[in-house]
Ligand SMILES: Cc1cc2nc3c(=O)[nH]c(=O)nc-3n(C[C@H](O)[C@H](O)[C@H](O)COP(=O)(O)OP(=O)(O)OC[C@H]3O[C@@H](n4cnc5c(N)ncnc54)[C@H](O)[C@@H]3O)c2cc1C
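As structure tokens, one chain now follows by itself in the form predicted alone.
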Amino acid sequence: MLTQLECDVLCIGAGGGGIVAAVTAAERGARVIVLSKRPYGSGNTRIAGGLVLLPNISPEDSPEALMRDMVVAGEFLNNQALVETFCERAPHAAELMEQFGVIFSRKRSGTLAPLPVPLAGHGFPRTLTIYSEGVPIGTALRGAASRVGVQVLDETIAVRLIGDGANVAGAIALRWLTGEMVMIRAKQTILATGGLGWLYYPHTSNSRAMTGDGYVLALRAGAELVDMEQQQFIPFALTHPEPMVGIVCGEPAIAGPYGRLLDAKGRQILTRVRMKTRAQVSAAMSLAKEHGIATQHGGMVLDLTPNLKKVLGTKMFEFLKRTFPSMIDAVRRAYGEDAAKGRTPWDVFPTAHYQMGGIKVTPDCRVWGVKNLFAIGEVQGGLHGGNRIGSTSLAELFVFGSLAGNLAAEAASRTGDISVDISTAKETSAHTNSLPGKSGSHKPIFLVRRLQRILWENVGPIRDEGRLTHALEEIQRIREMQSDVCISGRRECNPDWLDAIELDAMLLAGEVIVRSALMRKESRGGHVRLDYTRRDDKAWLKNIVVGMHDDTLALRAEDVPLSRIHLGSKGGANPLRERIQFLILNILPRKAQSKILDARLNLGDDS
């Protein structure tokens, strides 16, 4: 049986972007349904580090300066029109978050307490922090959705977008706790499904739900994906014990002013780590490992002890421990109290963190080539190019969530009857319903684990043609085994059923990544190739675009329009200015240094 529902706006995904869009549309009078594969208000938003961009903290800052930093850090692959939209609206993101009930860290006086130093890639201090990191964001989102009467279908996975030709008109979904198939007709649909970090498990900071569903839903509906080879690997994650592998323990900033990044032989592999972007640090660490100089746990050594010998280093580490409490707690649990206090080195290696590539959209988040469909958040492509600078993603959810919610509600109010190809909907429902009870040879979760291992080993932080070709061959082998799966016959709360649906999406998403990585014959951003080690602006300042025709992937390269920010532009902090500040500070007596830093870092009793 196929249950049928109808709404004005359907939001697929219930993390930050999806809930913001849903609440915004509901406030405009739209009837809204939200699909959440897991409990809503969770996803990656709930486990976020709680850093939020506010680009008007510094008087010298501006939307133009932020745009320059994002494009330079993204190595010029960014969709600059989309970046411009984001930067113009970013100053209002924090205000909107507080309207939703998110509370930012403040001084005793009640004023905002932003990070006093710029994160890597930023030219100015422009980052706020949230008490308890991502958890209160999820709580606030759930409360906001309840207040405006949004209908939420929990534990519900979208299987296919439906419509008539290039007009999307909702989705077919499985309520996997009950085994009920649902068809939701919608005048406008918003994809907010998050990324695909789970393809690299256990080497990922992402939640269990991030299996690439949204990319595949869009691709099969006629949309195009852009720069899917661009994955961000955040540089500092735990390497052991086994249950904690891949858990993030720090941004480049955690190195502090004097921390050292070493290989297993004690040789420094990168200087001024704190000032480098995530992509730069991850690439250096991965190349060092490729040269056979990793630790016994496969990582590099982050030595923070030099920070403890100077007032500046000690105060900065104290500040970072307070700013990133969950990361320090992870270090404590894995490596002990001395490590958490910076007294002993950390064994670290990059972990999959964020997907920069995604669905190709217009500057107002409408999906190219498909009507009545929006894409926001990590599933959207083009905003970050080849590398994302810290604190942008949470702001992005509220900036584009509110924009898409408003536009979808407005469009829905002008949309008439919804036309749906019922035969396709019934075919999708019948296929999904046929999965329980299959008596093949392979459990879907074992095929998922095999795919994850193949992708990490061959399409992770380091790539070359041989590895990528091997990954493509393995994906095909797993796809052949996919037709011979063993799935429990039960219909209620059947994890095999969910695994089988996710496996199908993960295989296609993985293939898109591999084929895009094979096509880009250079190293740029999160894409590092051993056989093409340099960035090649002459040949490869291009976006790689992927479409699907008759179930076959089609790739092409398009020149990147440099509308505002051009090659040769500089972004990020000024290292000379920081060096001069450090030199002046170190001239002062230790007591004076301590007093200045307590005030600057909000460590003292500010009134």
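Counting begins at 1, following the sequence as shown. All values derive from a computational prediction rather than experimental measurement.
Keep in mind that the form predicted together with the ligand is not shown, yet the notes after this line are about it.
Chemist: May I ask whether 47, 156 and 391 each come within 4.5 Å of the ligand in the model of the complex, counting any non-hydrogen atom?
Modeler: Each of the three qualifies.
Chemist: With a cut-off of 4.5 Å between heavy atoms, is residue 14 one of the residues that contacts the ligand in the model of the complex?
Modeler: Yes - in the model of the complex, heavy atoms of residue 14 and the ligand come within 4.5 Å of each other.
Chemist: Does the 4.5 Å heavy atom contact test between residue 347 and the ligand in the model of the complex come out positive?
Modeler: Although the ligand is absent here, residue 347 would stay clear of it in the model of the complex, with no heavy atoms inside 4.5 Å.
Chemist: Is residue 31 close enough to the ligand in the model of the complex to count, meaning some heavy atom within 4.5 Å?
Modeler: So residue 31 does not count as contacting the ligand.
Chemist: In the model of the complex, does residue 38 come within 4.5 Å of the ligand, counting heavy atoms only?
Modeler: So residue 38 counts as contacting the ligand.
Chemist: Which is the contacting stretch out of 507 to 515, 383 to 391, 253 to 261, 438 to 446, given heavy atoms within 4.5 Å of the ligand in the model of the complex?
Modeler: Every other range fails; the passing one is 383 to 391.
Chemist: Looking at 67, 51, 560, 546 here, can you tell me which has any non-hydrogen atom within 4.5 angstroms of the ligand in the model of the complex?
Modeler: If I apply the 4.5 Å criterion carefully, the residue I get is 51.
Chemist: Just one of 399, 199, 359, 192 has a heavy atom within 4.5 angstroms of the ligand in the model of the complex, so which one?
Modeler: It is 192 that has a heavy atom within 4.5 Å of the partner.
Chemist: Even though the chain is shown alone, can you say which residues of 224 to 253 have a heavy atom within 4.5 Å of the ligand in the model of the complex?
Modeler: Result: 248 alone.
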